[in-house]
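Just the one chain here, the form predicted on its own, laid out as structure tokens.
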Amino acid sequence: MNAMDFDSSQTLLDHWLTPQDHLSVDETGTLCIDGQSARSLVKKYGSPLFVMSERTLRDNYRRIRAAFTSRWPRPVNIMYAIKANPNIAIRAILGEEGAGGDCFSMGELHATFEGGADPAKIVVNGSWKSDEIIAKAIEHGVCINMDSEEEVDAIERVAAAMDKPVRVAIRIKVLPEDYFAEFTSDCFKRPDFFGAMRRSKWGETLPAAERIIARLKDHPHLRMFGYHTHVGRASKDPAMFAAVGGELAATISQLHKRTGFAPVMVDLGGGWARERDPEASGELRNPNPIEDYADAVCTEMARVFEEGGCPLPELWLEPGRYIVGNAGVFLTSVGVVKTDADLGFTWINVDSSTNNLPQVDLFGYTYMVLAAEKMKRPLSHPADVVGQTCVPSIFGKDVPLPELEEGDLIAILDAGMYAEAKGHQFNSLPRPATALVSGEFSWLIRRRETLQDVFGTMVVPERFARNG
């Protein structure tokens, strides 16, 4: 259905609401996030502003956990992929829910620990890990997902110096050619997706994994714990996730026969698509709820493990976007509305830019854009919503909106994922603040940047210092 088929922003929103959204419209026609109006939040915290819903965060985590725990007979560990949104307050909320953690850097480890995650439920990933990260993981008892044969000696060297054991898993390069040979991603625009998977830096093939397991006999501090893979948000089709999970289970079963090692856990990574899905770059509706993915994956993996004679392991997952995506709304204020009657275009300039939602420029995400204070007003002709930078900075083309004027608020949905995490300061624009809402309460969880923040890390040699 085309956005212009709706008569107002409210009917547009009503059509696209998903079960975990806590969005509503009050009697004045103003968008409310978890019960608080967009205008009241901007009045309190300023514009532009990221707003995160605590209830949506908790609901998303609980739903994906329930989907997999009800379908997998062994323990399930839902690990929040903090790269999607590294805010420590968000990590703390998920820590209360019992979420584990997926980390790639010292910074992500720091934020995950600050948020109170259980180290026994955390993994460290990465194609190369410094001695500092390895030592931190060993110190806290975190599992290290090894990405290469070359890592084995490095981890043993650090563990031996600390005289501490460390749980390790092997990342497998999963290549289900029958599925991916004719595959086209609805997110990553690569003409040869299978070839790109083969060439990617991630993971080891079955022969290399077998060699690693054999080498562990000479590495007394390393405790083989399981296996890992991750393809990411390449498709909304549950069959893709089933193909990857089934191929991983088949590889693990072969390794079990050859080495005798039965994994404690298997980590399937992330990329779990949501029901409102701007990542698909065009079609917002994803007809597959998370329960469909859990059904497809758990059924296929259990079947393959049983046929291969390998005991069922624990199932670990790394959702990021699924947990935080629709929990975030980006609020931005209209500056000037420019119309060119000769060309037939209207541009709504706002006080932010795609610096703050970089996935628009990087991957063509198509976010839903709403008139936050005129939700009940009739939609007029389409307009382009554009940001402040010296590049096009187009939040949305031909967006159906009512007549807007300076000071009106625009709301952009699904801004919780890969927005703040990838946001930057092009044209020396400070980054926005973030507020957390929960019913009648709200809190600042990231302060707005200042120009001092933008330039504060720069050092001017004394010979260039200004006189006077």
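The model shown is predicted, which means the values in this text are computed figures rather than measured ones. The first residue of the shown sequence is 1; numbering continues from there.
Not on display, but discussed next: the form predicted in complex with a small molecule.
Engineer: Just to confirm, F104 within 4.5 Å of the small molecule in the predicted complex by heavy atoms?
Structural biologist: Looking in the predicted complex, residue contacts with the small molecule include F104, since a heavy atom lies within 4.5 Å.
Engineer: Within 4.5 Å, heavy atoms only: does R171 come near the small molecule in the predicted complex?
Structural biologist: Yes, R171 is a contact residue.
Engineer: H221: heavy atom within 4.5 Å of the small molecule in the predicted complex?
Structural biologist: Taking the distances in the predicted complex, the answer for H221 is no, it never comes within 4.5 Å of the small molecule.
Engineer: Would you please decide whether K83 lies within 4.5 angstroms of the small molecule in the predicted complex, comparing each non-hydrogen atom pair?
Structural biologist: Looking in the predicted complex, residue contacts with the small molecule include K83, since a heavy atom lies within 4.5 Å.
Engineer: With the small molecule left out of view, choose which of K374, H228, K236, K129 has a non-hydrogen atom within 4.5 angstroms of it in the predicted complex.
Structural biologist: Among K374, H228, K236, K129, a heavy atom within 4.5 Å of the small molecule in the predicted complex occurs only for H228.
Engineer: Find the only residue in G245, G115, G328, P319 having a heavy atom within 4.5 Å of the small molecule in the predicted complex.
Structural biologist: Residue within 4.5 Å of the partner: P319.
Engineer: Pick from 342-350, 89-97, 207-215, 265-273: which stretch has a heavy atom within 4.5 Å of the small molecule in the predicted complex?
Structural biologist: It is 265-273 that comes within 4.5 Å of the partner.
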